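Take a look at this single chain, the form predicted on its own, given in structure tokens.
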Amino acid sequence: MERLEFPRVGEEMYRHVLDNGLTVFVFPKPEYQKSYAFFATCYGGMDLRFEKDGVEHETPAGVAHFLEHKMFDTPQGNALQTLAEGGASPNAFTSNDITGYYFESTDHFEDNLRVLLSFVSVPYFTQESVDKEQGIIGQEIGMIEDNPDWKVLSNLLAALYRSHPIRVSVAGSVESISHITADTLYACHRAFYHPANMVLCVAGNVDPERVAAIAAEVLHGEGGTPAVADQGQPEPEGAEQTYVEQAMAVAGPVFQIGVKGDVPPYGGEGLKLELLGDLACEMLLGSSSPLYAKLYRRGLINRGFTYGCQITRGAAFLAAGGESKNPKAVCRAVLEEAERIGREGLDEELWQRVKKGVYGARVRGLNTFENLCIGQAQSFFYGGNLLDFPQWFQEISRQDVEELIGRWVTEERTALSVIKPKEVTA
């Protein structure tokens, strides 16, 4: 295995590519008792259309999430129960662009790793179990559809994007999942759960050579090539809609402001764009920024105000939101502050404090095995390396952040999503 050192953050990482194309990353931590394994595929809720072996496919919304639910089924029973019996704490998640399965354990790590690799790589579905799961996931969809925090964000993404599938709910809809069959799940598993489209990241008290050997033992004899996903037609620069609202059972207005960014580049430059986005959010919207103080003083936001940058395949955006008596006034203030920054620039003293704070938060995030493994998997799928962030961070200047704010935070690229209280009728 190849050993890589990252002295700036005090980390070492082992990397190995198996003959079947699976990339394995191991972060040995002999000082810990526990170990953590994350096995993921570059396949998420937005991968609705794809090409496999020269044939184009279009699938219903929600397949990746549905598949994640059903992957724990095995001929012997449920893999969650098997892992729990082995002393592991397992779980899984599906996002827009990735599906990951993981566990943490202090004992029987190698046995648990074999179980994880086995059930994720060998699907087992019956139409009867799929039909049953449709009812379970349908109830889950109903719950999130009634959640104003989820609804305000999903409405925002549909307003920002015209055709990119990030605008579609990861879980799908009750109607879309009704079209999912066992054959659909098998076809999507063959398309995306290919070792060359996956990554295994392990951290803890483990031997890197043993981890790679177990992966090679369990995942052998895989041929063919993974599918190529289609993110839809090229997006216009501006937002598809500038304003969208919906009435729900809320005490006061809930809002999300979204700013549509540039398409992120593949590789390390994509990681740099993510860092730039984080810094731009902190300088424009962070709790130390002049805008935050102004909005809070006027009672337009409260301490529940959140913000962040999201980068995914083919899309990047900034978002901020919470509760406000006047969401439109908040949106206007954000755009006015971006214009002011364009004229006057960012405060140098604030810039130095924020840059140190964001860098420190990134370094502290490496202290958890979950952040380390999931972050490395996501960076790998984007063609980068999580632990290279210090060198990209060093290259970013105050002027770079000013330029990004000036280019992205414009009226044309901005959308406002509002959930307003339902009117009570007598």
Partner chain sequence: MSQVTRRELAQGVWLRTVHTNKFKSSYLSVTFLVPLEEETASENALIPYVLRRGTAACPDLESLSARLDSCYGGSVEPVVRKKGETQCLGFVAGFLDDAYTLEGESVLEQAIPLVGELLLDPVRERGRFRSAYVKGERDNMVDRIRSQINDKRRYALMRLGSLMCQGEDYGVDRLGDEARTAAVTPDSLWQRYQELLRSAWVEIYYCGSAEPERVEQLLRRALAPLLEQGQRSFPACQVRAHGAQPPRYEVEQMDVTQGKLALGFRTGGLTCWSPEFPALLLCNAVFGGSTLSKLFLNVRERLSLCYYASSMLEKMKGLVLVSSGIEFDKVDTAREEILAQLDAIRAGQVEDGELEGARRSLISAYRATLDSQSQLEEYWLGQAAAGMEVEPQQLAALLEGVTLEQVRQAAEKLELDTVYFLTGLEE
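Note that the structure is predicted; figures quoted are calculated from it, not measured. Positions refer to the first chain, counted from 1.
Just so it is clear, the following notes concern the form predicted in complex with the partner chain, a form of the same protein that is not shown.
**Student:** So in the predicted bound form, does Glu11 come within 4.5 Å of the partner chain, heavy atom to heavy atom?
**Tutor:** Yes, Glu11 lies within 4.5 Å of the partner chain in the predicted bound form.
**Student:** Just checking whether Thr94 would be counted as a contact of the partner chain in the predicted bound form - the rule being heavy atoms within 4.5 angstroms.
**Tutor:** Thr94: no, not in contact with the partner chain in the predicted bound form.
**Student:** Can you tell me whether Tyr359 touches the partner chain? I mean in the predicted bound form, with a 4.5 angstroms heavy atom cut-off.
**Tutor:** Tyr359 belongs to the contact set for the partner chain.
**Student:** Under a 4.5 Å heavy atom criterion, is Arg49 part of the interface with the partner chain in the predicted bound form?
**Tutor:** Contact check for Arg49: no, nothing within 4.5 Å of the partner chain in the predicted bound form.
**Student:** Where does the partner chain sit in the predicted bound form: which of 255-263, 194-202, 95-103, 78-86, heavy atoms within 4.5 Å?
**Tutor:** Answer to the contact question: 78-86.
**Student:** Ala159, His189 and Gln399: each with a heavy atom within 4.5 Å of the partner chain in the predicted bound form?
**Tutor:** Checking in the predicted bound form: none of Ala159, His189 and Gln399 is within 4.5 Å of the partner chain.
**Student:** Note which of Asp230, Glu323, Glu235, Asp111 lies within 4.5 Å of the partner chain in the predicted bound form, where distance is taken over heavy atoms; exactly one does.
**Tutor:** Selected residue: Glu323.
**Student:** To verify the annotation, which of these, Ala329, Val122, Ile136, Ala216, has a non-hydrogen atom within 4.5 Å of the partner chain in the predicted bound form?
**Tutor:** It is Ile136.
**Student:** Even though the chain is shown alone, can you say which residues of 245-267 have a heavy atom within 4.5 Å of the partner chain in the predicted bound form?
**Tutor:** Result: Ala249, Val250, Ala251, Val254.
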